[in-house]
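Only one chain is included here, represented as structure tokens and corresponding to the form predicted alone.
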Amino acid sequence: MSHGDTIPLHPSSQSDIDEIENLINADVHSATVLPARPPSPPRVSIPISHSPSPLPPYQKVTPSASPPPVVPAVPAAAAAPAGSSRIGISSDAFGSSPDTLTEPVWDTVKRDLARIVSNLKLVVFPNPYREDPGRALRDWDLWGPFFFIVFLGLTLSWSASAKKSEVFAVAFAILAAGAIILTLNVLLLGGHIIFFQSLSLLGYCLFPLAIGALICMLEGNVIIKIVVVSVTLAWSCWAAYPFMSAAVNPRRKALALYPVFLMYISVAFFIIAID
């Protein structure tokens, strides 16, 4: 087949082409030219920024242009809720404990003396907290028991006519070792008490006997000594009873109290027999 040859179209195809050409010619003749739309005025572009206070890119902020905002101070009492309170690291709460390293020595001494007096009232004297041993001696310390043991040893040594240093050494060793052994006895019996708390309790209970030893040193009558020592011995046993009995099982109460009363009775005989 040469390039000059043509292929006759199908009659339906030729009619379609003719119809398309007629539509094109009709659109061209009927089209009207619309007036041009006037151009719209230019719009001001707004810069987009994620900062809280956007500024145009050409503006510079000088330190004196916008002073920093003044934030009013909030009082500490208003900042915290009305029902909340802050407590320092004590035995019962969490928080920042007061700094005692930089305080004056006299303030430290006064605080320790106040604690000793408070614990002495809770242990030795009648008060409503004696039925709750954990609450009564919650803020325990060892300065009070140490002072009473030393004072009792010094009183016995001053009462002795000879070998005063040996009397003090024996009294101090018996009282200190006895308190440790009695505490271990309570813990081995399954007692719910802290080791140093028990030492503090037994030391504070020596206060009546220390007062009795001081009276016996000033009074040489044997009858008066026996009466005074009997009263102070009963006082010491009465002070130690609720704490030691509440620390162990009721069925083991006698095993915990018998050694305590035995040590106090030994100290009482020591006070009477010293010359």
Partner chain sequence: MEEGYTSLPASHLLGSVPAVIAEDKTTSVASEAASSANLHLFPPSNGGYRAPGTPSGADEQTTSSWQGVFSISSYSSYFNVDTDVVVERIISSVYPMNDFYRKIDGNPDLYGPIWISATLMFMLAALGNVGTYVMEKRNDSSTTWTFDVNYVEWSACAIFGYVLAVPAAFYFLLQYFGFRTSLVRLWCMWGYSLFIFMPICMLLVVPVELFRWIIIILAGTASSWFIAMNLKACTQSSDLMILIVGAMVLQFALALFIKMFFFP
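Numbering follows the first chain given and starts at 1. All values derive from a computational prediction rather than experimental measurement.
Here the subject shifts to the form predicted together with its partner chain, a form of this protein not shown in this document.
Using a 4.5 Å cutoff between non-hydrogen atoms, K110 does not count as a contact of its partner chain in the predicted complex. Among residues of the shown chain, A254 is one whose heavy atoms approach its partner chain to within 4.5 Å in the predicted complex.
Mapping the unseen interface onto this chain, A114 falls outside it, with no heavy atom inside 4.5 Å of its partner chain in the predicted complex. When its partner chain is considered in the predicted complex, Q197 lies well away from it, no heavy atom lying within 4.5 Å. Picking from 161-169, 100-108, 201-209, 147-155 the stretch near its partner chain in the predicted complex, with a 4.5 Å limit on heavy atoms, gives 161-169.
Judged against its partner chain in the predicted complex with a 4.5 angstroms heavy atom cut-off, the residues L182, Y258 and A273 are in contact without exception. Checked against its partner chain in the predicted complex, the residues L120, L142, A176, L189 give one hit for a heavy atom within 4.5 Å, which is L189.
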